[in-house]
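Let's start with one chain on its own, the form predicted on its own, as structure tokens.
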């Protein structure tokens, strides 16, 4: 059972999601629910007020929820943060946990899952919705050998590729030959085990390389 008069903040930029969560949380009369549609507004609030619990979206208009999670737990280490998102990438879930989250739920979780996870997290447990449990049970391509390290130049070229620039354009920007850029490009693709730019951007973004 949760403590009486629990203050819970929803940080999500979708009003429909906020209203749906509020409707579910009404089942627990002792939960006082607040809502914020931007991360910075919530940071300003939590610096002056105590919040027991946060349901935090990963995608916000002004700041990454992953970065915001780290800020929240730095400012208010006793505040429990649960990621609540449509983002089902295992790497994103791990980053949220690394930054202090006590669990992660997908937005398709049932009301019973949500309320159960809140109560379990309040009891000190790390919690996941059922679908997230399945995701976490599957090893990623980097679990056994770890995320490969990229050189400073490779990271620079990776960011330019993600920006949509061609090898010729990157060569002009960095004052390097097209051959050198193509060599770096092949190395990056090989290290990250991807076959095309779309997959490259997805893997790089999901693992904090962009």
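By rigid core we mean the largest C-alpha set that fits within 1.5 Å across both forms. Quick caveat: nothing in here was measured; it's all calculated off a predicted structure. Numbering follows the first chain given and starts at 1.
Just so it is clear, the following notes concern the form predicted together with a further copy of the same chain, a form of the same protein that is not shown.
Ok, 51, 161, 55, 69: which has a heavy atom sitting within 4.5 Å of a further copy of the same chain in the predicted bound form? Going through each option in turn, the one that passes is 161.
Among the candidate residues 27, 182, 44, 62, which is the single one with a non-hydrogen atom no more than 4.5 Å from a further copy of the same chain in the predicted bound form? The residue in contact is 62.
Suppose contact means a heavy atom within 4.5 Å; in the predicted bound form, does that hold for all of 95, 205 and 210 with a further copy of the same chain? Yes, the whole candidate spot contacts a further copy of the same chain.
Region of this chain that lies against a further copy of the same chain in the predicted bound form, out of 87-95, 123-131, 73-81, 110-118 [heavy atom, 4.5 Å]: Partner-contacting stretch among the options: 87-95.
Proximity of residue 199 to a further copy of the same chain in the predicted bound form, heavy atoms at 4.5 Å: Close contact exists here: in the predicted bound form, residue 199 approaches a further copy of the same chain to within 4.5 Å, heavy atoms only.
Answer yes if the CA of residue 23 moves 2 Å or more between this form and the one not shown after aligning the rigid core, and no otherwise. No; residue 23 is a residue whose C-alpha shifts by less than 2 Å between this form and the one not shown when the cores are overlaid.
Once the core is aligned, does residue 169 move its Cα by at least 2 Å between this form and the one not shown? It does shift by 2 Å or more.
Aligning on the rigid core, do we see the C-alpha of residue 199 shift 2 angstroms or more between this form and the one not shown? True for residue 199: a C-alpha shift of 2 Å or more.
So the CA-CA distance for residue 154 and residue 68 moves by at least 3 angstroms in the predicted bound form. Closer or farther than here? Farther: residue 154 and residue 68 separate by 3 Å or more in the predicted bound form.
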